[in-house]
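We begin with a single chain expressed as structure tokens, specifically the form predicted alone.
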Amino acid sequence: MALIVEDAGFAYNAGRGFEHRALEGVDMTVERGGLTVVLGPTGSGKSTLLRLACGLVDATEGRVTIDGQEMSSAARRRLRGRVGMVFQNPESQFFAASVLEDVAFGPVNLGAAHPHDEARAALTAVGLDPDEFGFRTPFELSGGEARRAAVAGVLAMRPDYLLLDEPTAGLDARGRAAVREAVAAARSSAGVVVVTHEASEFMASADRVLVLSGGSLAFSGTPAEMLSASASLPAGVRLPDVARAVLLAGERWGANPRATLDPREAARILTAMAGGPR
């Protein structure tokens, strides 16, 4: 059971004189409970991939399937609610008078028997006490609280797959930590895809990493495999700081260390290199 994007391509304004190809031959498989991180420079097709995966646009080539059912215009209504997406700056999309009403909006529209119970459970899952936050206006939440409320609004619809576009952009350290906790909570019931410029936020807990460049896959593999292939990654893809520190130190001291995402292991490697011949 998985969300599968298979050999997919997409062109904006397809068939017109100003056609722009945003994706070409992209594959992605997301299993429930898994976390896939999508990296790439600006304009590489990351957000377009999410829109394709959730059915906002149809693939120009290839196909998208959800647990074996092909995503198409005809099937979109039947598959409604199976894939949830949190857009960039989701707090700008709040509209209800209270956090609870905003989070309950999706379940209400899907015909849930007890939408406010679903909303309360989703708020609890992302670490927002519904008794404390439920009756507050969403427009007075902090950045991290707002992102978590936005994730709760999608989780309340009980999607099988959750897609997030730059969920930590513009947040302080506390807000980023809150969003990471919300993503961890989401994985208990859904497969998760995170598009981000900040590999350090999610890569350590990811099952798979995709790197896009110019609309095509430049890399697809595990985080460990990506670290091993770091020299061949496209410009604009920045490794997590822990891994970069090890690799830069290796260059400085003429060593060839194995990059790692574990701070303790990195400290041991750096200590060993610093104590060796220079």
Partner chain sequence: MAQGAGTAVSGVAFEDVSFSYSAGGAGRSALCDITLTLSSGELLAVVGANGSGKSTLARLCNGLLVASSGVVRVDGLDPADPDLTWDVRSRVAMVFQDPDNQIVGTVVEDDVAFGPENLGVPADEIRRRVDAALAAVGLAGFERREPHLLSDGQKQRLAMASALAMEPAYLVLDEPCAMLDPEGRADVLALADALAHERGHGVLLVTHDIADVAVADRVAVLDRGVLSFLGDPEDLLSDDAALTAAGLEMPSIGVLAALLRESGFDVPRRALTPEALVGALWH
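In this text, rigid core is short for the largest set of C-alphas that superpose within 1.5 Å between two forms. Positions refer to the first chain, counted from 1. The shown structure was predicted, so the numbers you read here are calculated from the model rather than taken from an experiment.
We do not show the form predicted in complex with the partner chain, though everything after this point is about it.
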Heavy atom to heavy atom, is A121 within 4.5 Å of the partner chain in the predicted bound form?
no
Is E198 close to the partner chain in the predicted bound form, meaning a heavy atom pair under 4.5 Å apart or at it?
yes
Does any part of D27 reach within 4.5 Å of the partner chain in the predicted bound form? Heavy atoms only, please.
no
Do A22 and the partner chain share at least one heavy atom pair within 4.5 Å in the predicted bound form?
no
With the partner removed from view, which of 173-181, 151-159, 99-107, 131-139 is the stretch that lies within 4.5 Å of the partner chain in the predicted bound form, judged by heavy atom distances?
173-181
Using heavy atoms only and a 4.5 Å cut-off, determine which of V57, A218, A245, A229 is in contact with the partner chain in the predicted bound form.
A245
Contact assignment for the partner chain in the predicted bound form, among R63, R238, R51, R32, heavy atom within 4.5 Å:
R238
Which residues, if any, of 257-273 lie within 4.5 Å of the partner chain in the predicted bound form when only heavy atoms count?
P263, R264, A266, A267, L270, T271
For E251, decide whether the Cα shift between this form and the one not shown is 2 Å or greater, given a superposition on the rigid core.
yes
